[in-house]
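First, one chain by itself: the form predicted alone, in structure tokens.
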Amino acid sequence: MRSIRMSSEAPLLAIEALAIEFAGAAAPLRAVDGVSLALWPGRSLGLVGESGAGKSQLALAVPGLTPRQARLTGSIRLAGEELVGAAPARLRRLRGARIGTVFQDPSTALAPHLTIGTQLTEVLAAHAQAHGAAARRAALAMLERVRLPDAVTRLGQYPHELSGGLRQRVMLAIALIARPALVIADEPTTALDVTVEAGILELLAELVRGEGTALLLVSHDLAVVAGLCDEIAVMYAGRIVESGPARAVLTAPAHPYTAGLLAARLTLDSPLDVPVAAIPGNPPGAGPRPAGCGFAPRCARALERCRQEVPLLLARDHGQVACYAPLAPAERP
């Protein structure tokens, strides 16, 4: 399985044939099934798909945050260093210093009993980057960079004293304060209203690109990914079904699932009296999956081969697609 390749240089993050399994009553439950991806410094990759596709498990695997009972096979390399099977102590040192993470819900990700200032300075102290007054100055500077109003006062406040949007700005500050090479953002705007969401996304893009940091953005929202990412990888049932430059994937999808996601989007000019073009059926559950393409039971284009053989992710046009009956250029929206 090939990865998106944007440069002749080695990627910062290289994931190869990654599988993540959990023990099940009858058989192992495979959340991620042979995924390969690559991400270069200064580039952003959006990982999209419905809930249960395996996006968050893949994102958690990079910094070593999958549950203890998870079994990982394959490879995750950060700047050439293998992370699958790495010692827990090594992964802890990488988190914050080399990998920054922005979680979906800052109200649960932030420690409720510690002030904002303490949570920021602890990151610097843990990685021996700054202590004492120097760490506090760095924390204040980072809060100002993420445009937290009255940053000096916020240093002494607790998470519950801030709104959801301000807490997410604090999460961005914590993720970026040690200047990591890679930032992973898992649905970073889910609990925010549209106005606050736009501000957070603009800020994330500015901070990441300004530092030359690589960004892995996990989202079910194609509009969010379209505005922020250079490349897109579409996940379904634990596998990548389509990938490529964001513009190509969003304007000329080759996989029926990608086309279905795009058709189901609502826009400001969507007619109010026309039903949303939903994809029929439901994604497969966590149990053992049938043979063949996971999307075949929901796909109007499915062939008999689709129900028997798993399609490989192969180069096509400007990206890659895993489909035996892809959309021709004339059929694409």
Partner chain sequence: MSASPLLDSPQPIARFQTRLQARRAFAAALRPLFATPGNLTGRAPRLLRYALGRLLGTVPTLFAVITLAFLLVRLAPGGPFDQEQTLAPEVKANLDRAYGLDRPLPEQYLRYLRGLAHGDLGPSMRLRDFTVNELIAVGLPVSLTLGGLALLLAVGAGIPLGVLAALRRHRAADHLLMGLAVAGIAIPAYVTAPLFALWFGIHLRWLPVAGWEPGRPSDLVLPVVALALPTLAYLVRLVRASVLEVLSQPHVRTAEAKGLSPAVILLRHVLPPALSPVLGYLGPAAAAILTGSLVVETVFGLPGMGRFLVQGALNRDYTLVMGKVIVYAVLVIGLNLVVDLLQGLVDPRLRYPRRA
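What you are looking at is a predicted structure, and each value in this text was computed from that prediction instead of being measured. Residue numbers count along the first chain shown, from 1.
Below, we turn to the form predicted in complex with the partner chain, even though it does not appear here.
Novice: Hey, of 240 to 248, 208 to 216, 167 to 175, 72 to 80, which bit sits against the partner chain in the predicted complex at 4.5 Å between non-hydrogen atoms?
Specialist: Of the options, only 167 to 175 has residues within 4.5 Å of the partner.
Novice: Classify Ala109 as contacting or not contacting the partner chain in the predicted complex by the rule of any non-hydrogen atom within 4.5 angstroms, answering yes or no.
Specialist: Yes, Ala109 is a contact residue.
Novice: With heavy atoms only and a cut-off of 4.5 Å, decide whether Ala87 touches the partner chain in the predicted complex.
Specialist: No, no contact at 4.5 Å.
Novice: Looking at the partner-bound form in the predicted complex, is Pro253 within 4.5 Å of the partner chain by any heavy atom?
Specialist: No, no contact at 4.5 Å.
Novice: If we define contact as a non-hydrogen atom of the residue within 4.5 angstroms of the partner, is Ala126 a contact of the partner chain in the predicted complex?
Specialist: Contact with the partner chain, yes.
Novice: Using heavy atoms only and a 4.5 Å cut-off, determine which of Arg137, Arg179, His131, His160 is in contact with the partner chain in the predicted complex.
Specialist: Among Arg137, Arg179, His131, His160, a heavy atom within 4.5 Å of the partner chain in the predicted complex occurs only for His160.
Novice: Any chance Thr189, Ala259 and Arg298 all have a heavy atom within 4.5 Å of the partner chain in the predicted complex?
Specialist: Not a single listed residue reaches the partner chain in the predicted complex, so no.
Novice: Are there residues in 88 to 118 with a heavy atom within 4.5 Å of the partner chain in the predicted complex, and which are they, in order?
Specialist: Arg92, Arg95, Gly96, Ile99, Thr101, Phe103, Thr108, Ala109, Leu110, Ala111, Pro112, His113, Leu114, Thr115, Gly117, Thr118 sit within 4.5 Å of the partner.
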